[in-house]
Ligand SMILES: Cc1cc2nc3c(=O)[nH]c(=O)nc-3n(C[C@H](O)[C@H](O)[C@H](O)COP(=O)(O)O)c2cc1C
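Only one chain is included here, represented as structure tokens and corresponding to the form predicted alone.
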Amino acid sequence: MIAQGWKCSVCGHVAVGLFAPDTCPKCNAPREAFKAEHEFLFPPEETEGVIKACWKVSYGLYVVSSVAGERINGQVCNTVFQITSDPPRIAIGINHKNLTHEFIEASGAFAVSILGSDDIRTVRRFGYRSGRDFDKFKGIPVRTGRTGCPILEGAIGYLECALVKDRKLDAGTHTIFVGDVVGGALFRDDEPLTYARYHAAKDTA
């Protein structure tokens, strides 16, 4: 998924996504008011083809969550992968501007709730709005992991991680965090949600 920052030239609001929003959520300026913070390195006429090709790269969709004091937050993330098996370590990519990024840096921990193949609405709830604007976890059954991170009880499983010291990388718009797995479980043996499945079903679910 190609995502970047889009800055509103009217009020300065920054949205993150494949494309600029139809209207600015803060000042209602039209899409034309948004400017890309980072330019793509390919000709504009190739944009649609590149994005569609990226959709064919196989990966899952997850809710990555963290904690800061008594506050919790989570977001949809497609950049989650096991990077080592001995010891088991997970790497994630989180946008610098996201509230979850702030919480991970504050707590030194994150949890990955693994979504099932029908969890399309969960993607909408945790992926379309910022935790700065509303409580994404309100009314959602969660359990607290040993690091304090929230875990979705409706997920098919989870992994909980503590950041490995000095094992993060500034990748431009995102930070790649690496964490040691300190807990986890499989709640039910269902198929995980892939981005290909989400893209095919998002308009009908």
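Only a predicted model underlies this, so the values are computations on that prediction, with no experimental measurement involved. From 1 onward, residues are counted along the sequence shown.
Not on display, but discussed next: the form predicted in complex with the ligand.
Chemist: Report yes if all three of F81, P88 and T147 come within 4.5 Å of the ligand in the predicted bound form by some heavy atom, otherwise no.
Modeler: Looking in the predicted bound form, the three residues F81, P88 and T147 all stay beyond 4.5 Å of the ligand (heavy atoms).
Chemist: Please tell me whether any heavy atom belonging to I94 falls inside 4.5 Å of a heavy atom of the ligand, as the geometry stands in the predicted bound form.
Modeler: Yes - in the predicted bound form, heavy atoms of I94 and the ligand come within 4.5 Å of each other.
Chemist: Is V112 close enough to touch the ligand in the predicted bound form, meaning at least one heavy atom pair within 4.5 Å?
Modeler: Judged by the heavy-atom cut-off of 4.5 Å, V112 is well away from the ligand in the predicted bound form.
Chemist: Please determine whether Y198 contacts the ligand in the predicted bound form, using a 4.5 Å cut-off between heavy atoms.
Modeler: Yes, contact at 4.5 Å.
Chemist: Can you work out whether A155 and the ligand are in contact in the predicted bound form, taking contact to mean some heavy atom pair no more than 4.5 Å apart?
Modeler: Contact with the ligand, no.
Chemist: Listed by sequence position, which residues of 68 to 102 have a non-hydrogen atom within 4.5 angstroms of the ligand in the predicted bound form?
Modeler: Read in sequence order, the residues that approach the ligand (within 4.5 Å, in the predicted bound form) are N73, G74, Q75, V76, C77, N78, T79, G93, I94, N95, N98, L99, T100.
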